[in-house]
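The data below hold one chain only, encoded as structure tokens and taken in the form predicted on its own.
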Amino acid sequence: MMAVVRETFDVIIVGAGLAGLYTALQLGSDLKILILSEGDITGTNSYLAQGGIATAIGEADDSEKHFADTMACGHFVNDPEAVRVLVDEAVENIRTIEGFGVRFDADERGYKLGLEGAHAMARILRMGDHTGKTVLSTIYERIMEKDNITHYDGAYVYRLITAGGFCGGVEALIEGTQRVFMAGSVVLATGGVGQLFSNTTNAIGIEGTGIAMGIEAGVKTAGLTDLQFHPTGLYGNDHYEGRHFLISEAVRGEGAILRDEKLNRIMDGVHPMKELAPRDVVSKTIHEVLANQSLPYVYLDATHLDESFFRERFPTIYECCMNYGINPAHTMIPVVPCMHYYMGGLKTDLDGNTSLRGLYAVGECSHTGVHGKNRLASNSLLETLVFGRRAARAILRSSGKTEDLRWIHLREVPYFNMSFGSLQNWMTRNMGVVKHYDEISDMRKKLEMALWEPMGYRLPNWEDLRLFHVSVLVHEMLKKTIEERDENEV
């Protein structure tokens, strides 16, 4: 058994996106807080979020309308109590981040509210097309002002330390060195699973690590098969920072039209909201069009917009398109559906508690029940705020006692012959908008053999840990996919 050198904090937060950082700020200055992340804030999905934050804040809007749109978009399998919390606590959290220095686009008449898919009206608070980047950067500035918060980036957290139904810390690799951190409360804010797919809008490193650690520790999960594909990822830029560049739904909110290779409007007759239909409807329609035409993409036609307006309204999108030789005010943008958001994760109550005492989950790695089978646009950043604050308040109400887990030691991990890239490509082919169940059954069996009969065990290194986590999570996703198919066929 190896000797364990431990460092102790009151609260450990894994992840540096908006969910993790906002939770940290809500904990106040009396607790010793550690934030661990693989990279800096620019490597998070929060940083990439273009659209904004959905909030019923306009004169003609109210939380009942926001509630109705959220439920309808989620196919009415959302947890209504969680949705009620989300919409009712939206404005007060917006006021909180404005107190931290966030300034949304506004004029003399008030907020400039954006319109996005499946919303009955404009209710998206925004900052151009870089809302996530600006909000997260502002929140991080407040984090850096706190003497009680320590942030280690370059930290690969790979295991929860548990005993007796309690989570008391984490094990991590930092600069190749194994580290052990203990705390009375551990918060996972590790994001979704987008990088399990080769066609994704998600940042590098968003591979479901936190969810996989929870599964390994026996934490209850929910919604593991609920994947959301964004209809409009820029086609042909597969190596843009390891992801497809996202063409925000807000562009369709300004009247952009989806067209096939013959320039027919593909959403005509499909849904009354046409291009602003729920994302699953639009993505499925594009998939069907692609199967029946020669081009591997459809067009997003925003040429009705004046170039100066497009450049001012969507500066990030304009710059990226121009870098690829596309002037979006004069040329239609080639787009394809891409893996974008995960509605599944570690099951939590309304205060972020998981089934493992002392362990909380917030943001995309959690399953609060608010999104149902399909997330309503711009509810994601809102979820991080509402449930991040609730988790922080639950932690403050708890004893915060760090349990003595003296017998915990650094364990070896299995390794096996499998390529991360090949698994990514397999997920894209078989777990996309349309699922191929024969292939899914075969891969589930292969992953079972790899996990149950690995080539061997050795002390942790980054590549072994990455593949192990991915395999654990994908196996559970495939298992649940087959189970759901079988239930539906009965």
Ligand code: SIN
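We number the residues from 1 along the sequence you see. Keep in mind the model is a prediction, meaning the values are calculated, not measured.
Although not depicted, the form predicted in complex with succinic acid (SIN) is the subject of the following passage.
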property: One stretch from 244 to 252, 212 to 220, 319 to 327, 343 to 351 that, in the model of the complex, holds residues within 4.5 Å of succinic acid (SIN) by heavy atom; result: 244 to 252
property: Any non-hydrogen atom of Gln50 within 4.5 angstroms of succinic acid (SIN) in the model of the complex; result: yes
property: Contact test in the model of the complex: Glu116 vs succinic acid (SIN), heavy atoms, 4.5 Å; result: yes
property: Succinic acid (SIN) contact in the model of the complex: Leu224, any heavy atom under 4.5 Å; result: no
property: Residue contact check: Arg123 to succinic acid (SIN) in the model of the complex, 4.5 Å heavy atom; result: no
property: Position in contact with succinic acid (SIN) when the complex is considered in the model of the complex, options Asn78, Thr200, Ser378, Ser283, heavy atoms within 4.5 Å; result: Ser378
property: Heavy atom contacts to succinic acid (SIN) in the model of the complex at 4.5 Å, residues of 272 to 287 in sequence order; result: Arg279
